[in-house]
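The chain below stands alone and is given in structure tokens; this is the form predicted on its own.
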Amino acid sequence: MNKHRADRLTAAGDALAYQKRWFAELHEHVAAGGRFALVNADTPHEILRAFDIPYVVNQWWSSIAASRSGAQRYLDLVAQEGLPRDSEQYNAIGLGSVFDPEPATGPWGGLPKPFLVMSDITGDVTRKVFDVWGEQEGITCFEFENSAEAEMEAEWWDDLPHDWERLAGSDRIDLLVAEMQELIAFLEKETGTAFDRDKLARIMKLGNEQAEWNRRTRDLLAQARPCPVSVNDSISAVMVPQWHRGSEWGRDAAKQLYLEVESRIAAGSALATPERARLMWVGRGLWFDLGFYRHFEQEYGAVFVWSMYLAIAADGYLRYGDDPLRALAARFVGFSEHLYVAPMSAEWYVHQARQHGVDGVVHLVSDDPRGNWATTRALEAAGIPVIEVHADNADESSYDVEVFRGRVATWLTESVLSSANVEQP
């Protein structure tokens, strides 16, 4: 089969263009007196969608700021308020926006002032960041507790969509349902609109359909040799629709991605010829150095075939059931455990590494996610070479591009490309 160099995914470009239009419309909505919410990624956005309340995902905004050299500005504003600029940067970047005296000069026209901020409390520092938000005039802070389970099933990904009551735990689901009902009561009072349970059921159905398309795409790419899609493109094409989860556009964008990947595989598209190594990127995206991934494709024939963004979109969101509120609670109970808490996270990463046939893992270790050591240990125990690289994914202040890329290049050459099973140039 003739193989040709894969160009940028149309699905990725379309998703980014849609988000830019949507964000411009949000600005118009706010200028006309409308309101919006700012929410953390692992909170039940679907409740806001059921009330037709637009929302901006905090981590998305931080990634936009970091990729357009705006993160340092917002962290400096945080520091000017007497708060630490080197702690929880992924959350603090968004907080800095509320202190901006000239918000319209920020990336994409800046972040307007929300009327509501919403977070899951994964640690004391996260709570403190959002408490500061809630102290600002006109902003209400709604925080969800982060419950824990003493005994967790390590291999959860196949059973969770249907068997979530057992795997997540009824007590934990009960707690989150009660908290969501408090949020619903608050929104009913704020909007003068009654909560529509049937509308939430339709949103959940669309969200499940979106996840089903993402799962098909993930499984296609796991088997594809060579890889036809850059990790930069797959992140954009998956995560922008994820922030519109439960909408028809989100579902259709996920389908578009699948069809385009399927077409590229059939055409024999390749990121690197030859594809000398298949790599796994564990951790958040390196937003201020997105050229990092392309560098290793071009210079070493080493392709990042996996990131958590498509993989968790495939395995982390599917929840089937007749009670939409309870199924929604089950979607987010323990969500962070799937990514950061052993054995659930560690076994999932090993499973994904084997499914995708990776030759090595680059593991970005930031300060705030827990369980990094368990992930590295599990992958190495499975016989997969791992390099840990330490950086905050959204704060480039301590990042040296030559040192960072140099360490990975040395590891790649000595520990991965030297293996007998990796094609030599």
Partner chain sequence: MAPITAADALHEIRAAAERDAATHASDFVIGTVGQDVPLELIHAAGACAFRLRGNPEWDTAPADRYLGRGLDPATRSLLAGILSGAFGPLDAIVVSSDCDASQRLYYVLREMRRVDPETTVPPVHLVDVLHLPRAASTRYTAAKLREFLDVLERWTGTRPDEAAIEHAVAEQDATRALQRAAMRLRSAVPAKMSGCDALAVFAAADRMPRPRYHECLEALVAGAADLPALSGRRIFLTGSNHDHHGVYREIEARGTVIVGEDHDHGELLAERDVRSPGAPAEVLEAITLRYQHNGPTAQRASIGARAAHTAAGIRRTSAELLLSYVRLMDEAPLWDFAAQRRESPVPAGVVVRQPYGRIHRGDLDRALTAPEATGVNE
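Just so you know, these numbers come straight off a predicted model, no measurement behind them. Numbering follows the first chain given and starts at 1.
FYI, the form predicted in complex with the partner chain isn't displayed, but the following is about it.
Quick one: which of 314-322, 177-185, 196-204, 239-247 gets within 4.5 Å of the partner chain in the predicted bound form, going by heavy atoms? Of the options, only 177-185 has residues within 4.5 Å of the partner.
Under a 4.5 Å heavy atom criterion, is residue 171 part of the interface with the partner chain in the predicted bound form? Flag for residue 171 set to yes.
Can you check whether residue 310 is within 4.5 Å of the partner chain in the predicted bound form, heavy atom basis? Residue 310: no, not in contact with the partner chain in the predicted bound form.
Answer for residue 162 alone: is it within 4.5 Å of the partner chain in the predicted bound form, judged on heavy atom distances? Residue 162: no contact with the partner chain in the predicted bound form.
Heavy atom of residue 85 within 4.5 Å of the partner chain in the predicted bound form: The answer is yes: residue 85 has a heavy atom within 4.5 Å of the partner chain.
Contact check in the predicted bound form: 121, 124 and 337 versus the partner chain, with a cutoff of 4.5 Å between any heavy atoms. Do all three pass? Yes: each residue has a heavy atom within 4.5 Å of the partner.
The single option of 190, 219, 81, 262 touching the partner chain in the predicted bound form, heavy atom within 4.5 Å: Looking at 190, 219, 81, 262 one by one, just 81 meets the 4.5 Å heavy-atom criterion.
Sole residue of 253, 327, 341, 282 within 4.5 Å of the partner chain in the predicted bound form, by heavy atom: Comparing distances to the partner chain in the predicted bound form, the residue within 4.5 Å is 341.
Heavy atoms within 4.5 Å of the partner chain in the predicted bound form is the criterion; list the residues of 133-161 that meet it. Counting only heavy atoms within 4.5 Å of the partner chain in the predicted bound form, the contacting residues of 133-161 are 135, 142, 143, 144, 145, 146, 147, 148, 149, 150, 151, 152, 154.
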